[in-house]
Every structure is written in C-alpha cells, then in structure tokens.
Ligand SMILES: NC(=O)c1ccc[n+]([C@@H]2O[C@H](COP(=O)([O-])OP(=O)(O)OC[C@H]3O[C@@H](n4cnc5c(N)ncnc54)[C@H](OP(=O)(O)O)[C@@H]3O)[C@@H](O)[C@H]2O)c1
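Before any questions on how it binds or moves, here is one chain, the form predicted alone, in structure tokens.
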C-alpha cells in the first residue's frame, strides 16, 4: 500500500508559499506490535502549523525538512495490532499531512461518531476550534449577558464559534474580518449584531460606532495593529483574551507587541493569554455543552473543504490570505 504525504521542502521566508512544500509517495511499513494503520479522512488546517515551519523551536515545536507537515486529523482504522482499536473505528490525533498513517495506537483517540461525523472533532468539537473558542470566550473571558464582545478573525474557524458562544451567553457581538462577503457571513449566517471590514479601513471609528460604551470582552486572534485599535476602546474591567496572533506568525523573531497596553491599567482591565491544552480536564464538559448547542441549533460550523492531499499546501496558504470562511479542512 502506498502513502502520499506533503513534506516541508524549504523553510518559508515570511508567508508560506506552495513552493515551500512538495508531495511524495512512499511504501507503507508493515505493522509492528501495538501499531495501527489508518486511512486519513480529514485534516485540520490551523494557524499553529505556521509556527512549526521555522527552524527556531516554537510553542508547538519545529518540524524537520522532508518530513510530513504537522497536522491534526481524523481517520479510520484499516488494520490494528493495538488492543484498544479495531478495523473501522474512527480516531482523532496527529495524522500529519498524509493519506495513510502507521503509528502506535496509543497516539489516537477513538471517537464516538453515532451522533456527529468524525470531522466534527476538527470543527465545532475540535481541540483547535470549538474547544479553543470555549476555553477563551467562556472560561478565560468569562463572557456574560449584556457584555459587548469583539472577536477578530471572526470569520475563521475559532472566530466563528467564539462569536456564537458569546451570543449564546447573551452578549452583543461585533465581528472583525476582511471583505464584504465575510461581513455578510458574520451578520446573516453567524448572527453577529455588527461586523467590521478591516480591509475597508476606518476600524477605529467603526468600533466607536458599534461599541460606544466600550468593549467588555475582546477575543483576539490577530494581534498587531488591530489589537491596539481595540485596546483604545476597551471598557472599565474589560477582559482582553489573547487566543492567537496570526498577523505575527510569519516573522516570530520580530513580534510586535501592543503600544496601547497602558489602557489595561487605566481602565482596570485584564489581558489574559491561553492555550487550550491547559484546560484538558474540562474537555468532557466543553464537548457536552458544544454538542448540546449543536443539537439545539444554537451553534453551527460552516465548513470549507479542499479536496486532495496534493492541495494541502494551497489550503495552508489560503488560511493566511483569508480565502475561506468557517472551518478549513483537507480531505485526502
């Protein structure tokens, strides 16, 4: 059996390009004791992947050249030498950008897919998507009814869920995204009370218009200049939640911090950063809550699926050029 995989051919200089990767084919090794053979069904395209492509060791590690690009995914067991998994089982784990995986069975989580498709564990129930949004908006941001909430990169996967969780909590939600299509998506599909197109300019005035009494919770996925714009508009006792900083990932050696951070002290506010793995003990409750909201129709996760493992590099570049809405995935 053959495996097709996407490997890192060269370190990106700034924003990743498709030419930084190559697709190769190889024979699969026979199964050893406690290993499984998986066929990949869906791969998650996440911003953290960019931080692994540089030579310098980052929060999520640094991958070697000519090895499969790091990616989480869901797959089916083809054959197993691992006691906990059987043929046909759906699993979640670190698949890498490849069509097949041979690895120790202990690396993977068996999924219950009776009520939801396995790919939901990359989207609304996913660690890098739904669980991240839950941890940031509810646990860290402590969103409450009556809050005015702003979410940056609001049309992306995490942003889409974060906006809806704030609405479920009874907050007034303002999404920031790039382009008129995303503004329409946020207001008419996701249910935001207002949306701001940062590409159109005038973000500062738009924030004053839509949040005249200030921003109580800012869920930030972007960083950079946009973070400063919102800090200027935070309310007293605001919570600024740092989920990510996609504007900074292409040059992690020169990250630009906020110039307006003194607004935090001035307004008795707080700025809290997090990664979802710090809340692993809470995952069962988070998943149960998210599943309940999905079942009730209060939470939805639009998907953008790119077909073919050969298109993985293109999908990754799409993430950083804003050419998607909702959860971006590749199906090999």
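Keep in mind that this is a model prediction, so the values were computed, not measured. Positions refer to the first chain, counted from 1.
The same protein also exists as the form predicted together with the named molecule; that form is not shown, yet it is the one meant from here on.
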Residue-level contact is defined here as any heavy atom of the residue lying within 4.5 Å of the named molecule in the predicted complex; does residue 141 satisfy this criterion?
no
Please check if residue 276 has a heavy atom lying within 4.5 Å of any heavy atom of the named molecule in the predicted complex.
yes
In the predicted complex, residue 246 touching the named molecule (heavy atom, 4.5 Å)
yes
Though only this chain appears here, would residue 227 touch the named molecule in the predicted complex if you measure heavy atom gaps against 4.5 Å?
no
Using a 4.5 Å cut on heavy atoms, which of 80, 148, 233, 128 is close to the named molecule in the predicted complex?
128
The one residue among 153, 124, 240, 165 placing a heavy atom within 4.5 Å of the named molecule in the predicted complex is 153
Just one of 84-92, 112-120, 157-165, 205-213 has heavy atoms within 4.5 Å of the named molecule in the predicted complex; which?
157-165
Partner contacts in the predicted complex for 298-332 (non-hydrogen atom within 4.5 angstroms of the named molecule)
319, 320, 322, 324, 326
